[in-house]
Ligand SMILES: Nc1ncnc2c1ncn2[C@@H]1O[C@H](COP(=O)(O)OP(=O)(O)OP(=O)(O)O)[C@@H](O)[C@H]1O
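We begin with a single chain expressed as structure tokens, specifically the form predicted alone.
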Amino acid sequence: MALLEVENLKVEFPTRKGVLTAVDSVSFSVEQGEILGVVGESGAGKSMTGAAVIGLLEPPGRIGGGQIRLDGKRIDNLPPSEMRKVRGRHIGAIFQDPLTSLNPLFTVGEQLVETIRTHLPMSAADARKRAIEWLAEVGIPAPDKRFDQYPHQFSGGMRQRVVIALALCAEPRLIIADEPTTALDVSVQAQIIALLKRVCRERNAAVILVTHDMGVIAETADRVAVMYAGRLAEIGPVAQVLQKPSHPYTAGLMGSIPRIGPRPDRLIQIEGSMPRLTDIPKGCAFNPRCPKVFANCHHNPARTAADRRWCGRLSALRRGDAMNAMPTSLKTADNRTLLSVKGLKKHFAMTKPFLNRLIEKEEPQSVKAVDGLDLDIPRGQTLSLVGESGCGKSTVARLIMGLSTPSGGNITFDGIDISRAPAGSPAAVRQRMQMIFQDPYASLNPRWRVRDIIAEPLRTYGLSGSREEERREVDRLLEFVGLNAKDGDKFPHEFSGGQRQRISIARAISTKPEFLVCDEPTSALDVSVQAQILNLMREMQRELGLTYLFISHDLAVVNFMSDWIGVMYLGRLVEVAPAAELFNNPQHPYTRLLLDTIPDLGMSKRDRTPAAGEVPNPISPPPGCHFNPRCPLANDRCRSEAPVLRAYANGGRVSCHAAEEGRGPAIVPAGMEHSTQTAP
């Protein structure tokens, strides 16, 4: 008998206009010790399904049909008081944002003890001992000391480890993990995934892993369920579903994902967006976005393998089309420098008030967010910055755009020094540099119509002679980024996340800039929408000759977009090289560490190597090379003398004593020796 059985589950939301169905007749089971991945775009019903299983549906949401059985006993019809006994003790939950899962007013130890004593008959002393054991189990260093610390005193990865300890401390048999790694760096993500897999193996716990990251699914799950518009599109063994998908939606998702290796000219993209609950079409819900639909698709949803026989043929066709998309040159090389950064610094004061420092006799402290950066970006090309959170990538972007004032160094744009007073730079220079932000909703004024949002730069720089000319230009920009001219009369909340990012791009290019700073422009988007935006940005670069500074933590996205890649660590640039050379022959140990943590979509069974240790405190970074406490090649010189960027044979530069002395052999990361990129 399966540990969890979900049969014909329906989740409904009563409204004045009728009942909306968010989850429609979903059935699956989970065995003891199994990891079931659940994937799909935002709005597919993934999190809603998990919330229904654990009994955490937000009112007015309700279970409108079906059954949920745990160990053969039905739990969907339990009263709230009985369900509270199941939740935590028998079913644990790991949520996306650890800060919202932890109470900031209580120490992590107090929260663990409370959970343990609620579900297990233990004294306070025994619960404390068990809590410390769990902190050690999930990899928290010095658990007896960290027990009495508050959530804000932990890093993001450590906070997520605490949340995992909270989910496991009552020893539940089923864990529902809802996007547990989405907000984490790729290196911390590898640590958390390794921890989840170890827990399942050692404690025989089952996991429902909800995520939009196919790489995490490929290396973690035993089976995967693909959801679309509240229905199951496909479910099966992870290798079969990801490598030989039978549903065109699954094939589209896999084709949307950038890969490491030679890059295609375009990613396969799924046109359109997930339908709203009020607009779910009849028949197969995917039919308006499917590249080839049959008459039957408009009437009957495909629920069995026999119903999907035509989907299998279509998926094979799509994979063939993708394989024919051979890599092509994005642009003609131009080695003339457009933007040059020399010795750039940004220090943030972190000192206590004067009287406190006087009493405690403390020296003034500062965070060196950017510490002597040298960078050149050629015209018409893309330089990407990568690194873990806190390395200084976004600070560099803000300094270049004049949103922060440098503490030192120079920024030169087309021969003009803009570092001293960026806001006072000539308008002709400012309009040539624009920025695309990470969150498209936060960067758009919710009170303005889209037409006014895009027209604002035109009015600021006097680029439109009349209202009619302005209207024509806004219509042209909307159509250029794949929207309709009529969309100009709507407000931002009426659009999906991908459409809002298109609006942000239309606003950014309205001044006809030459240079765009793109700060995590796709990290908040589903993989299908991400593919649409990345394709658009590549097309814009080709047609408009744009130069990009692209910032991302997703190395596969960086590989697809970049000509050059710079790797940052604690405010310093440790390596910069042509994209292909950096992926095939990394010189710095930190670069190798980042590449070793890339999820393996090729299903080669290669385990990611979690990064050793934590990023040091940026207020007091280690002397010498900042990476030396985590570096397997560090010696006494590394611990005392800071390395400088030196050129090496492939046209790149590296800041590493081991590379300079030949102590670190050029290593091609495992699994990439013969890497090629072909979409499914």
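Because the structure is predicted, anything quoted here is derived from the model rather than measured. Start at 1 and count along the sequence shown; that's the residue number.
Not on display, but discussed next: the form predicted together with the ligand.
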Just to confirm, with a 4.5 Å cut-off on non-hydrogen atoms, which of 410, 107, 389, 287 contacts the ligand in the predicted complex?
389
Which listed residue (29, 47, 67, 635) meets the criterion of a heavy atom within 4.5 Å of the ligand in the predicted complex?
47
Out of the stretches listed (467-475, 392-400, 199-207, 139-147), which one is close to the ligand in the predicted complex, meaning heavy atoms within 4.5 Å?
392-400
Hey, with the ligand in the predicted complex, do 43, 277 and 367 all fall inside the 4.5 Å heavy atom range?
yes
At 4.5 Å between heavy atoms, is residue 520 in contact with the ligand in the predicted complex?
yes
is_contact(residue 622, the ligand) in the predicted complex, heavy atom dist at most 4.5 Å:
no
Taking the shortest heavy atom distance, is residue 126 within 4.5 Å of the ligand in the predicted complex?
no
Answer for residue 581 alone: is it within 4.5 Å of the ligand in the predicted complex, judged on heavy atom distances?
no
